[in-house]
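A single chain, nothing else alongside it, follows as structure tokens in the form predicted alone.
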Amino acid sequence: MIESQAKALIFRSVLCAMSQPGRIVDFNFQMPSPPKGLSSEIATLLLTLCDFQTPIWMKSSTPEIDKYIKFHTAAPITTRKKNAAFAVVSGPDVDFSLSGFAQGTHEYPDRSTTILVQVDHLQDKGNIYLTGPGIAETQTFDAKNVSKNFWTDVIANHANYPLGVDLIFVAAMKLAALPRSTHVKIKEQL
């Protein structure tokens, strides 16, 4: 279980990442011994951000992971992407369509899915160029083991703004976010 003071610090880290898209934020919070297939960082985020009212969809879920999440958060596990408040993908699963998740509505754009993406490495230098709210001019970004097709989908996600999903990338003790308001370009497209 995460203490309320720790939850506040974790939540502040997420807010810092969301308010400064592409900025790599140190994330020194880890849940001890999450089940196999669930990183400590992702477990920490789920236990902080989710409760009985936030359905979770996971690409690579197991009965052990489901039991762990339900025990610590009471969050329901859903098999339908469109029902998910949060989704978790990692490793080779990072080539997927964002449009299959809840996009929100014009009346309630906040009713979209936030996707937690576990990657091998995050860096603030790369072939991805970001502009938009929270970025002074241009921010470069890269997340390892994410396909070029994925970035094309992220570009389409922004085109649907104010609808669309928000992304939180997680690597070893680091996180970065790309809210749907962030405009993304791939270096070859500049």
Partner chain sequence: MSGPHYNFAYLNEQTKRMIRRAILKAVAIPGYQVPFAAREMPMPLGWGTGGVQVTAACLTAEDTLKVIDQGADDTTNAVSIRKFFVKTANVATTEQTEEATIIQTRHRFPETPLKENQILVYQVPIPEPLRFLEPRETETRKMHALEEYGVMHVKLYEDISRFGEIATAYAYPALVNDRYMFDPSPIPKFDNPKLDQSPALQLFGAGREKRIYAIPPYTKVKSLDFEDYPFTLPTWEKPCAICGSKTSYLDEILTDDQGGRMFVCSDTDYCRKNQVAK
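These numbers come from a predicted model, not from an experiment. Numbering follows the first chain given and starts at 1.
Only in words, not in the display: the form predicted in complex with its partner chain, which the text now covers.
Using a 4.5 Å heavy atom cut-off, which stretch among 161 to 169, 118 to 126, 35 to 43, 142 to 150 contacts its partner chain in the model of the complex?
Of the stretches listed, the one contacting the partner is 161 to 169.
Is there a heavy atom of M58 no more than 4.5 Å from a heavy atom of its partner chain in the model of the complex?
No.
Can you tell me if D51 lies within 4.5 angstroms of its partner chain in the model of the complex, counting non-hydrogen atoms only?
D51 belongs to the contact set for its partner chain.
Contact of P133 with its partner chain in the model of the complex (heavy atom, 4.5 Å)
Yes, P133 sits close enough to its partner chain in the model of the complex that at least one of its heavy atoms falls within 4.5 Å.
In the model of the complex, does Y108 come within 4.5 Å of its partner chain, counting heavy atoms only?
Y108 belongs to the contact set for its partner chain.
Flag this candidate site as yes only if S90, F96 and I155 all have a heavy atom within 4.5 Å of its partner chain in the model of the complex; otherwise mark no.
No, none of the three is in contact.
Across 9 to 32, which residues bring a heavy atom to within 4.5 Å of its partner chain in the model of the complex?
The stretch touches the partner through L9, F11, R12, V14, L15, C16, M18, S19, Q20, R23.
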